[in-house]
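Encoded as structure tokens, the following chain is the form predicted on its own, with no partner shown.
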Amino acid sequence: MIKITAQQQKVLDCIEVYIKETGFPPTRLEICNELGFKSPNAAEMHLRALEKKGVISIKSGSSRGIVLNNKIPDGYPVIGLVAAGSPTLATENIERNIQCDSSLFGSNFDYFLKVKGLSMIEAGIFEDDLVAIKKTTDVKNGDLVVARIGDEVTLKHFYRTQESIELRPANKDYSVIKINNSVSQFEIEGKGIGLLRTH
């Protein structure tokens, strides 16, 4: 049995709550704000202690690079239509959880997004298919991404050009979404790494 201190448990609880409510782990600053630490160094010290005990893993080069180890999942959440303005993994967006081997697609993933609409049918992605999504902002041209534009969440192919970012559908009846400086509140939430057909 791994022994952790009361303060380390508070940090661990904070990480779990953040992931549950937002879908992402907290930054060091957010941990400080939640727990009243005076400096991000205090949060870092507790995180390193938890990492040494094997409770979490820390990925370098990312402010949110905290991974909980040995969590027994209740299954992967299936996200239906995302409510405007709410975090993708917020409780109100989760339709159900399904059990699935984490190595099924050759890479870890975080949730399934239930496809709405026909914008990706030429890529073989149909309405009500479940796309396995890995939470990451590290994407390259051609990747299937989950992007948030303002309050809307969309699934498209990502391309970066010299002038803008393009989110391209796989259906000639749909228009390319161009993201340039005039589009505020744009972010990549993850990329698709696999597909489950449920019908």
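Position 1 is the first residue in the sequence shown; the rest follow in order. Everything numeric in this text was worked out from a predicted model, so none of it was measured. Under this definition, the rigid core comprises the largest set of C-alpha atoms superposing within 1.5 Å between the forms.
The discussion below concerns the form predicted in complex with the DNA, not included here.
> Closest heavy atom of M45 to the DNA in the predicted bound form, within 4.5 Å or not?
It does: once the DNA is placed as it appears in the predicted bound form, M45 has a heavy atom within 4.5 Å of it.
> Is there a heavy atom of R28 lying 4.5 Å or less from a heavy atom of the DNA in the predicted bound form?
Contact check for R28: yes, within 4.5 Å of the DNA in the predicted bound form.
> Decide whether I58 counts as a contact residue for the DNA in the predicted bound form under a heavy atom distance cut-off of 4.5 Å.
Output for I58 is yes: heavy atoms within 4.5 Å of the DNA.
> Could you confirm whether A49 comes within 4.5 Å of the DNA in the predicted bound form, counting heavy atoms only?
Looking in the predicted bound form, residue contacts with the DNA include A49, since a heavy atom lies within 4.5 Å.
> Only one of 139 to 147, 61 to 69, 167 to 175, 152 to 160 has heavy atoms within 4.5 Å of the DNA in the predicted bound form; I'd like to know which.
So the stretch in question is 61 to 69.
> Kindly check if the Cα atom of F37 is displaced 2 angstroms or more between the shown form and the other one relative to the superposed rigid core.
Yes, the C-alpha moves 2 Å or more.
> Compare the position of the CA of Q9 between the shown form and the other one after a rigid core fit and state whether the shift reaches 2 Å.
It does, since the Q9 C-alpha is displaced 2 Å or more between the shown form and the other one after the core fit.
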